[in-house]
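Two separate entries follow, structure 1 and structure 2, each one form of the same protein chain as C-alpha cells.
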Structure 1
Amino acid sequence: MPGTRGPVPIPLHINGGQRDLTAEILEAVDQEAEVGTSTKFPQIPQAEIKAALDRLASRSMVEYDTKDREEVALTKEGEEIASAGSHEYKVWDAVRQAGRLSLKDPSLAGANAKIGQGNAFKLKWVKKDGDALVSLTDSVQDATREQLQCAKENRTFQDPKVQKDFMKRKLVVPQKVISYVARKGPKWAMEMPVEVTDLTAEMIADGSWQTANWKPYNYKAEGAQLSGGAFHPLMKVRQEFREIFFNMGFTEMPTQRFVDTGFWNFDTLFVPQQHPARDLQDTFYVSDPPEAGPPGPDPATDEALAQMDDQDEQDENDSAPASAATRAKDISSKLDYQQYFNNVRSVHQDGAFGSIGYRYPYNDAETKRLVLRTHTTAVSAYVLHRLAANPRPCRYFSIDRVFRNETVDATHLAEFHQIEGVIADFGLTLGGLQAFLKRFFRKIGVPDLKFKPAYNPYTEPSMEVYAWHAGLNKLVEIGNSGMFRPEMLQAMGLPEDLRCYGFGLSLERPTMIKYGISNIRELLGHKVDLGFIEGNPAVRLDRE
C-alpha cells in the first residue's frame, strides 16, 4: 500500500496473483528439514521462487542455498524423434511396409530422409538393390528414440559421449538450471509479520516506536536505472587535462574558430607555401567561400582573452578592471596587422630578423585561402601576436579539434583533438623545456621521458617526446615540442629576449590507452557503443 503510514502488511501473493507461494514455502519448510524447490515446486518459474525466498530470508524466517546444475533439453527435432521415431527408423519402416522402395520415392527426398538413409545403411537395417531399397530385418531397436526419451525424462545422459554426439547432431541443447534448498531460519515463523516502514508523530508520542517491528533496510537492493546524459570518454580525459593545466597556471585559449586562413594556419608559423602539408592530399580547403580578407583582429577571441586576463588580475588585485570589451579594443588598437603581414612576407621571401628565409616569390593570394585548421597552433600564433601589445610572461593552452586529410584506419581519423601548451617568458632554455615536460607528464602518470631531436618549421630546436609503454614493451612517441623560432616571434613584434616553449599531443591516444580501446572507430563515429559511453568510469590520469 504505497503512501500509507504506519504498519504495512507484507504481500504474500506473486505479482498480485492468486497463488500464495510464500505461504506454500513456509508450509513445506515446516514439514521437512530441507526443501528442494526443483522437486517441490517444479512448475514455478525460478524468478518467482527466488523472489519469495528473498522476502522470507530478508526477515531471517528461512535460509536457503543456491544449487546450479546443467541439464539437457530436447530441441524441436529431438522432440519429434522422441515421439515418432528416428530418421533411420522412419526410412526402415517405409521400406518394410513397401517391401521394395524406389530411391526416387518422395519419402526419401527430404534432408532428414537422406540422414536416416545413411544411418540405416550403417546399422544394416536396409540395403541397396538396384534402384531401390530393401529391408534386411523384420524388427529393429530404435536406440536414438529410446535415448532421447530417457533424456527427456531424466534431463541428462548417463554416457557423456552420447550427450556430446546428440549435441553435435543438434537434437539436444545444454541449459543451466538454478534451484534452491530452503530450511528454517533464526526467526522462523509460520506467518509473515507486519512490519513498520514509516515513523509517525503518533508513534513518537505514545512510545510505540520502541517496540515496533521495523522493516530492515536492504542495502544490497539496486536502485532504479536512471536515464540521463553521460560525458563521452574524450570529454572526461579532456577535463582532467584542463584541471592539470589550470593547476599549473595556464590560461585557456578560445578555439571556436575551426576555419582559418592559410596565413594564420601556415605562414605565421614559418611554413613555406610549397610545403607538402599545404597540398590537397593533407589539408581540407574550403570551397565556399574559398578565401577571406587580409589578417585582422578577431573581436570574439580578443574579448574572450581579455575576460580571462581580467579574471587573473582580479584574483591578484582584488579590484574589478575595465570591461573585457574595452580591454580588447585597447589591445587591438596597439597592433599593426598590416605590418605583421609585411614582416611575415619578408621573412619568407627575403629573410629577416637574422634569418635568410626561404627566398621564394611570396604569393599573397595563398595566405587568404580558407582551410579547416590542421592544428590549434594557428590559434597560438594569433594569441602570441596579441601578446606584442603587452609583452610579458604568460602560459596558454588549448584542447580542441583539428582536421587533416588522412586515410581512416584503426588509429587515424580525418579529425582529432590536439592538446597544446604555450609558455612565453624571458631567458627560457631548452633544458627548462625538458624539465617542464617531465613535470607535466608526471602529472598524467608518465614518470620517465626520453627526448629525440626532430624538425618542425616553426620550432628550433625541436624534440619528439617518448615514454616507455609496458604493454608494447618499447618506447612510443607521446608528443612533440620545441622552442618557437625567432623568425616567427620577432615578426609578431615581440622583443628579442622573449622566448616561447610549444608542446602538444593528441587527446585520443591517452584516452584509448586509459579505456583499453584498440580501434579509434570504437571511440568516435557511428560504431560507438552507447552503453559504453553511459557506463564508462571516471578517469584519473595519474592512477592506474
Structure 2
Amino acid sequence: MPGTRGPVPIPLHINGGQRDLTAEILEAVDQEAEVGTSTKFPQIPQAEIKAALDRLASRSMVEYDTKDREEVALTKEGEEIASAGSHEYKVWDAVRQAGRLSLKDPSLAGANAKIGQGNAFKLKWVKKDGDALVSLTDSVQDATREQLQCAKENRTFQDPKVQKDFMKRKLVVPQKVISYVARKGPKWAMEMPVEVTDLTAEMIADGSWQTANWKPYNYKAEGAQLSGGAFHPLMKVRQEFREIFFNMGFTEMPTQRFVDTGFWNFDTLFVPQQHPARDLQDTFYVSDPPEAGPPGPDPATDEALAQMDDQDEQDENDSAPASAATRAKDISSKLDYQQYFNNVRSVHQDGAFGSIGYRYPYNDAETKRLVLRTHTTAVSAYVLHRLAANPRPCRYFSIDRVFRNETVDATHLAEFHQIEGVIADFGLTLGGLQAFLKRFFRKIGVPDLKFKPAYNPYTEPSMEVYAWHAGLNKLVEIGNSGMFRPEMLQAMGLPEDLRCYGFGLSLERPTMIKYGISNIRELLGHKVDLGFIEGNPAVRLDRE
C-alpha cells in the first residue's frame, strides 16, 4: 500500500535466509539492558549488524552507541607459528630428532630456518659441533608460540612492548574493530509497527491520517532526483548581458552572417590591407564561394533593423505605417554604397577626412575576399553606415559567434562569442565612455575599473578596461573599448560631430572567471559535460 511501511516485521535475513538478525537483536535487547554486538554476534559482519540496527533505530525501537576498539590479528606467518611452533622450535626439534644434524641438511635451509638457528643459539637450545648441530636440552618452552596463541584468543597483548615487538616481526597487525552497544529505544517494541510515510487520498477520505503512526521524515537525505530541461550556461550568461543592454536602451544588431567580406570585416574599420590580423595565420578565408559581390544593402538586415526601429516618422500621420520592408528600402535608397567604397579606398590609400591615411596601393581584390567574420564589429560597421541615412543618437549591441584561425588550446578555440556595444551621440567624451563602462560593468558585479591607453586600428582613443581580480590579486584585462576613428565614421557619411563609442568583450572569459573554468573546451563545443549543463546554477551576475 502506498504511503505505509511494514508489515511487521521486515526481517533482515542473512546467510541465505537462515537467520533473522533484527529479530535476534530485539530478543537480545529484551533480555539484556546493554547488548554488545561483538560478543553477542561475533560471527556477523559489522555492516550487516549496522543495517539491522539502523532499521530498528529509525523507528526509535532501539538506540545504539558505536564503539571503536583496536585489536591485533595474526598474520599468515603468525598463524603458522601459533599452530606449528616458532622457527627456533622447529630447528631444535629437528636437531633433537636427528640427534646430530648436518649444517647442510635441507631442513636448515631457507630464511626462516636461518632466523630459527640464530634464536636457538641465543636461547642455548642447540650448539655447533663441527659441521653439525647438537641439542643442549631435552625440553624447551616455546614462548613465541605461547604468546601468539594467547594473542589469538584475546586479540590483544598484555604487555604493549611485546605487541610492538611482534608487530615489528610482522607476526601480528593492528586492526580497528567497530562494535555496537544496543539498548531499548523510546518506542521500544518487540515487533515493528506499520509506519506511514506519505499522506494519501484514502487517508484523507477515511480520516486515518489522524491516528496514523508517522515515520519520521529523514531530514538528512536529499529529495527525489528530478529530470528537467536546462539552458546552456553560456546562454544564461548571454541572457544576463542582453538584459543589461536592453535595460540601458540598446537595440540588438542583426548578426546573422558568419561569412563576411574583407571590405566589411577589415577595410571599413580602417584595418590596413597589410595588417597582421588579415594573415592566413589568424583569419579563416573562404575558398567556396570564391569571392564576394560589391558592397551594397543587405535586405534581410535592413528589414530586421526597420522592424526594431520605432523612431521612424510613422506615428505622426494617420495612415497605416509602412511595412518594415518598405521602410528598409526607403533607408537604403538614401545610401550610396559605391561612394562609401570609394571613400574607404581613398582614406586608406591617399588619406581623406583630415587623415593622411596609410598611403599604400589599395587592392580592390582584397575587399572581395570572403572571410569568416573575426569580430561582430563587421556588423557594427554596416549598421553605422546605415545610420548615415538618418544620423541620430543611438545604441546598438550584439552577442554572437566569431571565428579565429587559432591553434586550439585551453584558452583558445577557433570560435567564441563576442559581446559588443556601440553608442553614437553628439558631444561624446572619453571620460563619458569611462563613466558608461563603469555603469555597465557594475551591473555584472565588477565595481572598480582602470583604463589603459591601447592601440586598435579602428578606435582612437583606445582603452583597455582592467578590473581588480581578487583571486589573482592583480588587475586583469576584461574588455576593450574606444571611440571609432574619424577615418571610419566620416567615410560612412556620418557628420563630423557625431561621435561613437565601441566596446567589446568575450562572453566566455567572464563566464570562465565566474565559474572558475580553466579550459574553454569545458564551456563551448561538443566536449562540454552534459552534467555541467544540467547542474549549473542560475546566473545572477550582479549578485555573485
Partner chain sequence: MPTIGVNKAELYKELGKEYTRDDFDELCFEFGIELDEDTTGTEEPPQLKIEIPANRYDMLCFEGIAMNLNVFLGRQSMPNYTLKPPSNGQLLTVTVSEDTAKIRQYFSCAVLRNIKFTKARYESFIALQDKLHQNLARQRTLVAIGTHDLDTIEGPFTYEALPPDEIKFAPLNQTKEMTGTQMMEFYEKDKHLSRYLPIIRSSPVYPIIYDKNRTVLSMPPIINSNHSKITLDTKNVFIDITATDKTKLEIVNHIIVTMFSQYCEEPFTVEPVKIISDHNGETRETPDLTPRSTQASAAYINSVCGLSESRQTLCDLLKKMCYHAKPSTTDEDILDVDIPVTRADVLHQADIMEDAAIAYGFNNLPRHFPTTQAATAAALPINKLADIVRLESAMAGWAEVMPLILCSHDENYAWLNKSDDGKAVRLANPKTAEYQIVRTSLLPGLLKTIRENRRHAVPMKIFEVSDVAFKDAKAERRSRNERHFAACWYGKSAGFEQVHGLLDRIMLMLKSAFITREDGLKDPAVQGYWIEEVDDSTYLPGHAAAIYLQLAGGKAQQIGTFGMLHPTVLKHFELPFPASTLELNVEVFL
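Please read these numbers as outputs of a predicted model, since none were measured by experiment. Here the rigid core means the biggest group of C-alpha atoms that line up within 1.5 Å when the two forms are laid on top of each other. Here, residue number means position along structure 1's sequence, counting from 1.
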With both forms of the chain shown on their own, indicate which is the form predicted alone. 1
Core-aligned, does Leu494 move its Cα 2 Å or more between structure 1 and structure 2? no
Could you check, with the core superposed, whether the Cα atom of Pro294 shifts 2 Å or more between structure 1 and structure 2? no
Using C-alpha superpositions, by what angle in degrees does the smaller rigid part rotate between structure 1 and structure 2? 11
Per-residue CA shift, Arg69 (Å; core superposed between structure 1 and structure 2): 12.2
Having superposed the rigid core, state how many Å the Cα of Gly229 shifts between structure 1 and structure 2. 3.5
